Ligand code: NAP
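Read the single chain below, which is given as structure tokens and is the form predicted on its own.
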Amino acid sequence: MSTGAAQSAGHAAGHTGIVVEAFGGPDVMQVRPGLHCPEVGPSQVRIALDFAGVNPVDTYIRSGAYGVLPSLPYTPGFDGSGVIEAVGAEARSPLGALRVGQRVWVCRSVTGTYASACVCEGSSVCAAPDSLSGAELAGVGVPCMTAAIALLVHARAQRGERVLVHGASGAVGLACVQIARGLGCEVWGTASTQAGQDAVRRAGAHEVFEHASTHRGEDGSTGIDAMLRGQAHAGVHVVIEMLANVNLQHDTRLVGKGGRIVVVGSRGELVFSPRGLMSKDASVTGMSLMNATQETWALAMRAVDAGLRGGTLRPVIGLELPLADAPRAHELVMQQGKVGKIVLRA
């Protein structure tokens, strides 16, 4: 590539996308034709999108309830899939050079992925394996990168350790199951529905539990408790927690000595006693994909790419909808019992 102007296969002016002009409910998202996609900067690429991924964080931002909010108006969406149509002179992925015409998956778009085109930093783009569909590639970004960072960086999961994914049937949970299995861990997962439990089992979990049964009843026992009592040593090494406001106290009873709990999701407050952590020298760590350093991001992207190409990681797509159904997608992504990732056709 020349060190001068960007390479380009055309211009994305006049593309279609979702626009949010005021924070609020799902109906604030409106489809707009004729949107302008900016020219790429030196470190950026422009992508003609096929699919966009829908994530719970998208709903928090749209409602105005997130800690850091974009300037209005904005286009939602962090992840997606498509083909590069313009490359800045200095744009580069952590996995190598980028070129026009390359099929890619995206995470952390600059201009939003609920559209037919977007601009991204080259560091947020990765060349895609041919084995995955466009919809599957749109399910890679936020879920798989979150799962990789949770397991590899915060939990420091090792081969042979027992990993419990608490709330494993969503997009992030299923990615956690697959990545932990690929690491050589013994993987347990929970889900609230039979469909979810079946999906977790197909993803590679060694043991699957009905989610509500993980909470102690009057006799103080659960399915997981019974499993742990039958083991040579009690406790799981790692818990990846998707709903901390409901489960965190119980997680402290499930971990063994030196156990690590990584909180990926929470939807409220809780009353919490730390004695369960203190008695086991266990730890709780919160995480957000938005906080990843350049080094952490590159490590996770390499791990995700290796899993996709090696066949140990494959996003599970629960529902595919047209872009105009973004409001419905935002309602569905927050429902309990959903399985896999929701994606929008650009």
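What you are looking at is a predicted structure, and each value in this text was computed from that prediction instead of being measured. Numbering starts at 1 and follows the sequence shown.
Another form, the form predicted in complex with the named molecule, is not on view; read the next lines as being about it.
> At the 4.5 Å heavy atom threshold, is residue 211 in contact with the named molecule in the predicted bound form?
Yes.
> Whether residue 304 contacts the named molecule in the predicted bound form should be assessed with a 4.5 Å heavy atom distance threshold; does it?
Residue 304: no contact with the named molecule in the predicted bound form.
> Although the partner isn't part of this model, could you tell me whether residue 300 comes within 4.5 Å of the named molecule in the predicted bound form, counting any heavy atom of the residue?
Although the named molecule is absent here, residue 300 would stay clear of it in the predicted bound form, with no heavy atoms inside 4.5 Å.
> Looking in the predicted bound form, any heavy atom of residue 276 within 4.5 Å of the named molecule?
Residue 276 lies outside the contact set for the named molecule.
> Hey, of 317-325, 27-35, 44-52, 288-296, which bit sits against the named molecule in the predicted bound form at 4.5 Å between non-hydrogen atoms?
Looking at the partner contacts, the answer comes out as 288-296.
> Heavy atom within 4.5 Å of the named molecule in the predicted bound form: which of 134, 265, 112, 122?
It is 265 that has a heavy atom within 4.5 Å of the partner.
> So the named molecule isn't shown here. In the predicted bound form, which residue out of 247, 178, 252, 93 has a non-hydrogen atom within 4.5 Å of it?
The option sitting close enough to the partner is 247.
> For the three residues 158, 259 and 283, verify that every one has a non-hydrogen atom within 4.5 Å of the named molecule in the predicted bound form; reply yes or no.
So, no: the whole triplet misses the named molecule.
> Going through 167-182 from first to last, which residues have a non-hydrogen atom within 4.5 Å of the named molecule in the predicted bound form?
Result: 167, 168, 169, 170, 171, 172, 173.
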